[in-house]
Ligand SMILES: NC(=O)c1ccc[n+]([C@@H]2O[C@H](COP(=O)([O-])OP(=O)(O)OC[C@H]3O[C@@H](n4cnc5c(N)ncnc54)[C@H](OP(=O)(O)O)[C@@H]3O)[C@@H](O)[C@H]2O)c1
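So this first bit is one chain, no partners, the form predicted on its own, shown in structure tokens.
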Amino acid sequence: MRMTDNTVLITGGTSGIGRALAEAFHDRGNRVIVTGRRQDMLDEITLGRPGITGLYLDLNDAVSLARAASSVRARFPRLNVLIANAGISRNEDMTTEDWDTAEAEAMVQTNIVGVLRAVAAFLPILKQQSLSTIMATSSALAFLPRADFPTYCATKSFLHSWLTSLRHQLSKTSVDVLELSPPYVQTELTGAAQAVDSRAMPLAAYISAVMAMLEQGDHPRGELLLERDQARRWAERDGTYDRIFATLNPA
């Protein structure tokens, strides 16, 4: 994808990786629209960066989605990049007596259904452009899970498979399909502690690496995956799955 003169829409763009990507693309001369459910966060971003547009969007609300899509068609007819980034993560202990599926269902709704809805809403606009991109945020855990985040990892595995099929179906159109698969990054995805966890990759360093891969076209099979995560990506092929799983999930 080209790195400037795009019109970029980012769902879940008010914090973490989404916000950092919004700022990085804005710095490179792109028109950027960030969406989210918290108006105060949208206002904070647009006040700090007047060139970024904030757009309220609740992907779980059909009326909100239709209104946002209509607004984008009218105001940003040249939309050519969709970054489907909205996602949530919760740990789950299925051995407890009071475990239920509420958290799991919320993750499926946001991480899977939300991405599908975003793509369905904006794909007609993207297909009208001569060069466009869909990028969805998966995870390096799509390939080898952390057992204490079972549903979160499973939603990312779903996205990996679904994006592979979407890429194939759109291969004869103007729309490229990319999968962003972050490692453990200093964001508040799982809570405030993650943002300062020394084991997590600094957010700025991760975004810098992603932008470099995009600039260089370094995304074989449409996957934006750091070199350090290649071992997980190919663990089954390389016969190292059980060893890496055990290291990631000590007994």
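Not measured: the values here are computed from a predicted model. Start at 1 and count along the sequence shown; that's the residue number.
Missing here is the form predicted in complex with the named molecule; even so, the following discussion is about that form.
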Report task. Name the residue from 27, 44, 215, 188 that puts a heavy atom within 4.5 Å of the named molecule in the model of the complex. Result -> 188
Query - Partner contact for residue 122 in the model of the complex: the named molecule, 4.5 angstroms, heavy atom - result: no
Query raised in the report: Even though the named molecule is not shown here, does residue 54 get within 4.5 Å of it in the model of the complex, heavy atoms only?
Result: no
Requested in this report: Using the partner position in the model of the complex, report whether residue 208 sits within 4.5 Å of the named molecule, counting heavy atoms only.
Outcome: no
Query - Residue contact check: residue 59 to the named molecule in the model of the complex, 4.5 Å heavy atom - result: yes
Query raised in the report: Heavy atoms within 4.5 Å of the named molecule in the model of the complex: which of the stretches 125 to 133, 143 to 151, 84 to 92, 164 to 172 has them?
Result: 84 to 92
Report task. Heavy atoms within 4.5 Å of the named molecule in the model of the complex is the criterion; list the residues of 108 to 123 that meet it. Result -> 110
